[in-house]
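The data below hold one chain only, encoded as structure tokens and taken in the form predicted on its own.
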Amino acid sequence: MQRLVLSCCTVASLLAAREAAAACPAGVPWPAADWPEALMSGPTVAAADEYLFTLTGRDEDREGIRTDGVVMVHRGRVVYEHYARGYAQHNRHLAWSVSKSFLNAMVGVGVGRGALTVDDSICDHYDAGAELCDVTVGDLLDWGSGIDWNEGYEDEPYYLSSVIAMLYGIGSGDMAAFVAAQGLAETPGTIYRYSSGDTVLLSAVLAGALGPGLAADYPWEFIFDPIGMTSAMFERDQAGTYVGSSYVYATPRDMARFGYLFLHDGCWDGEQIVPEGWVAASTQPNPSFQMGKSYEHFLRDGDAVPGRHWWLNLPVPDLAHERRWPAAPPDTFAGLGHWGQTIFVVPSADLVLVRVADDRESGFDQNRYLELALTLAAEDSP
């Protein structure tokens, strides 16, 4: 099956730009114990406040846009910050599926240290059963394992949902084993199917590759400590596997540190934390997606294009896929999570946006949010 061709050499041009800037840049302002501030005011800030923080009806009814906090970092300074609904700067927030992007970075560090490669069979590092030994680390990063999985949430009966069974039901004690037990529905690497199961299994594979000396502490050694994410928490299941699909907690300011790490190609204060080239490889359309075969539920009109545990703002004309966020540049990428959690990274605007929320309805307009943020960034330009 041929891979898809993206329009106007977009991917090639973005990769060339990122690779040209791959060496850790000099002169970048890095946050120390806390972010420097240059908080803005004026009509655009007022418009952002009104759009992001106006509740619909009573809070307990859980209607409309329900933002808990937003942090915008432009040129290395916090230029906008607002909290609501009882949240404040010091409060951790559940990242939900933004956790997947954190796991991407941790796998990247493991690859950089030589513990595993994206071409390894998962059976090299985890006892997944013979049926799954054709699944590679890269397939899991692509959500292309072929494992039989239903990523259904509130819009489907709970008993049909693999992810609910994994997180809260019969699979919650040993989530990776539960995922492996589902078996294959498709040939690995031939079909894209968004799956929290793939991500949890990837967590177990990474831990197995690192061995007992690092399996318990790698989130802190690899990412959280080097970039100063002092608020970070990462839940494990009863078997000791980090729930990489869903359960990272941190303050929005610390989540912004993670976005800033990826804004600068995995560098932090002169040190290459995530290996050179990993960010570029993770923020192009993933190989399983490019095969052109997908489960329709996760290839709807208006969806972002999947990278490797990140989401991209690139068009795919062969699938009638327009840019997900037309107000933003094509180099924009994001970690996206349930109920409105987002980390947006806009390299060409030197911008990182973090939003934490409790959106139980689908009315939040990410494009409008990006439009407001980019207007603020333009007003802040030197």
Partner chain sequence: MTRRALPALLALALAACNDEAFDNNDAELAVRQKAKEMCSCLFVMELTEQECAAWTRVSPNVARATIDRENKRVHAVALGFWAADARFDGRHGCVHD
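The structure displayed is predicted, hence computed values, not measured ones. Residue numbers count along the first chain shown, from 1.
Note that the form predicted in complex with the partner chain isn't included here; everything after this is about it.
With the partner omitted here, the residue from I164, I227, A304, V79 that has a non-hydrogen atom within 4.5 angstroms of the partner chain in the predicted complex is I164. A heavy atom within 4.5 Å of the partner chain in the predicted complex is found for one listed residue only; from Y194, W268, Y83, W96, this is W96. Looking at the partner chain in the predicted complex, residues Y168, Q182 and A357 each place a heavy atom within 4.5 Å of it. Judged by heavy atoms within 4.5 Å of the partner chain in the predicted complex, the contact stretch among the candidates 325-333, 56-64, 39-47, 25-33 is 56-64. In the predicted complex, the partner chain stays beyond 4.5 Å of every heavy atom belonging to K293. The partner chain in the predicted complex comes within 4.5 Å of no heavy atom belonging to S121. In the predicted complex, the partner chain stays beyond 4.5 Å of every heavy atom belonging to W278. Residue contact with the partner chain in the predicted complex: R236 places a heavy atom within 4.5 Å of it. Residues are counted as partner-facing when one of their heavy atoms sits within 4.5 Å of the partner chain in the predicted complex; in 241-267 these are Y242, Y247, Y249, in sequence order.
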